[in-house]
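Have a look below at one chain only, the form predicted alone, in structure tokens format.
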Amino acid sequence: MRIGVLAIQGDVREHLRHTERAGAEAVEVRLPRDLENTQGLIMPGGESTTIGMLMAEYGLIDALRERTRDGRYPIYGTCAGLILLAKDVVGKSPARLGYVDIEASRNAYGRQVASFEVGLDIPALGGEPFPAVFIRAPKIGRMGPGVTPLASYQGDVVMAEQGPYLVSAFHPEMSADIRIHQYFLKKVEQWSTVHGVS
């Protein structure tokens, strides 16, 4: 399995390392040609407006729309990646894909100095709490009927999925725990098996 990691901003090395520890080949994606022979994509955190602008400038928005046309290309967005995958965004809206039927509020958990880590209960990962790191994290507000919540914090959904797409408001790559990357790889594998993607 070959997974791309969007390499414009964010913890690219950490996502590459976690993906490889989880059992897949991981490659950096900066241009449309880098998507070739990948079965899924991870979109790290960073500044969503800048990432969206550069993705559009580099042709990645159009390339991903083409690649996801049949709805069979899994994408996992963390923090800014969640915003880029959200259908609606509160306030200034960056160029984005809009594949997940949620409304995202940018920087809803405060500035960088308000960053924190918390043990999250994520039933899909088993009984052990996941060490979730929140840094200028967004919140998920409205969710469409096709969206499945996977984890909440203080009453707000912070991890969800819809079809082949997975989003989290926090940074799983900031801990040593690779269970979310493993979960995403299983999603890629399952989607490929069910829908005949190779």
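Residue numbers here begin at 1 and follow the sequence given. Quick caveat: nothing in here was measured; it's all calculated off a predicted structure.
Although it is not shown, the form predicted in complex with glutamine (GLN) is what the next lines describe.
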Among 132 to 140, 24 to 32, 56 to 64, 150 to 158, the stretch whose residues bring a heavy atom within 4.5 Å of glutamine (GLN) in the model of the complex is 132 to 140
Using heavy atoms and a 4.5 Å limit, would one call C79 a contact residue for glutamine (GLN) in the model of the complex? yes
Answer for K87 alone: is it within 4.5 Å of glutamine (GLN) in the model of the complex, judged on heavy atom distances? no
How about P164 - does it come within 4.5 Å of glutamine (GLN) in the model of the complex, if we only consider non-hydrogen atoms? no
In the model of the complex, does G40 have a heavy atom within 4.5 Å of glutamine (GLN)? no
Sequence-ordered list of residues in 23 to 44 near glutamine (GLN) in the model of the complex, where near means a heavy atom within 4.5 Å: none
